[in-house]
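Take a look at this single chain, the form predicted alone, given in structure tokens.
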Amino acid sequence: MDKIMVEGINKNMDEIIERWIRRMKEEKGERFFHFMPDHLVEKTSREFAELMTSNISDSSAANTERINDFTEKVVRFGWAIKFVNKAIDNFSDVVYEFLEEQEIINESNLRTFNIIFRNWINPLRESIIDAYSTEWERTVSLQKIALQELSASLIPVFDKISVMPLVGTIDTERAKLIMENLLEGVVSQRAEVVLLDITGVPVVDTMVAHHIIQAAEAVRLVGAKCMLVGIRPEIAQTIVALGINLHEFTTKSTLQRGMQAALGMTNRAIVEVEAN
């Protein structure tokens, strides 16, 4: 029966893929099949179909590698796990309906084919979703590491003045990294004034404010002053509403104003020079 099923699918693969693509385009919130180039949709759809059918008669390590390669690709394309699950459902439904139309599935073998489909789809679904979850977690982990590396550096801009631009959400793990880089940078750069720029931080809640206050206190203990800049109006309202006390260090609305204040704190100023 497996052989008959595989032969029926392979013989009519083009029609099956065409029907499957039509169904996927009807899915709510679908983007890939509408916005990607037709040749890429065709290539990816055929890879998916071949992946689905290969599992009927092949459960070897090579097929497992094929599943891993495909899931890596669809993660890059942005397929959500719900969308992947729906793709599997739609493909199995299209195949079943097509085999019924071709009378490969009929009343005499209906029970047998139902067992074959169950033994085919369920393990395949588990393998694809497991590989997808692993690849997605790996991708998120790499992005998180990249964000940490890019958004926790202390940058010397003038003698004795350094800036640390913060980008994205600050959790406990990132706060620890920020603290380490901040203290090491203050000592190595011999900074007297440090500006923490939170322009790129979308939300400042009690936990974020606590981490910032801790960082400012640590900077003070190593002999430098800390200034918080980039406080947008909505962030200021949140800080006031939460009752967060930021009186211990200077705050400025923009990095430019913070830089002017930092120069004043180190007995310097930016002045205009008239041309001769």
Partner chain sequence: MNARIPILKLNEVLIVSIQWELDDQTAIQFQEDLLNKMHNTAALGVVIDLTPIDFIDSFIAKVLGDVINMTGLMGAKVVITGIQPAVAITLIELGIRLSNVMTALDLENGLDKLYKELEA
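For clarity, every value in this text was computed on a predicted model and none was experimentally measured. Numbering follows the first chain given and starts at 1.
Another form, the form predicted in complex with the partner chain, is not on view; read the next lines as being about it.
- Taken together, Ile9, Glu18 and Arg46 are entirely out of contact with the partner chain in the predicted bound form: none brings a heavy atom within 4.5 Å.
- The partner is absent here, but in the predicted bound form a heavy atom of Ala218, alone among Ala236, Val41, Ala218, Leu246, sits within 4.5 Å of the partner chain.
- The single contact residue among Ile115, Ile145, Val157, Val187, judged by any heavy atom lying within 4.5 Å of the partner chain in the predicted bound form, is Val187.
- The closest heavy atom approach of Lys176 to the partner chain in the predicted bound form falls within 4.5 Å.
- Not displayed here, the partner chain is kept clear of Met207 by more than 4.5 Å at the level of heavy atoms in the predicted bound form.
- Although the partner is absent here, Gly223 lies within 4.5 Å of the partner chain in the predicted bound form, judged by heavy atoms.
- The closest heavy atom approach of Ile88 to the partner chain in the predicted bound form falls outside 4.5 Å.
- Per the 4.5 Å heavy atom criterion, the partner chain in the predicted bound form is contacted by stretch 176-184, the sole one of 92-100, 163-171, 133-141, 176-184.
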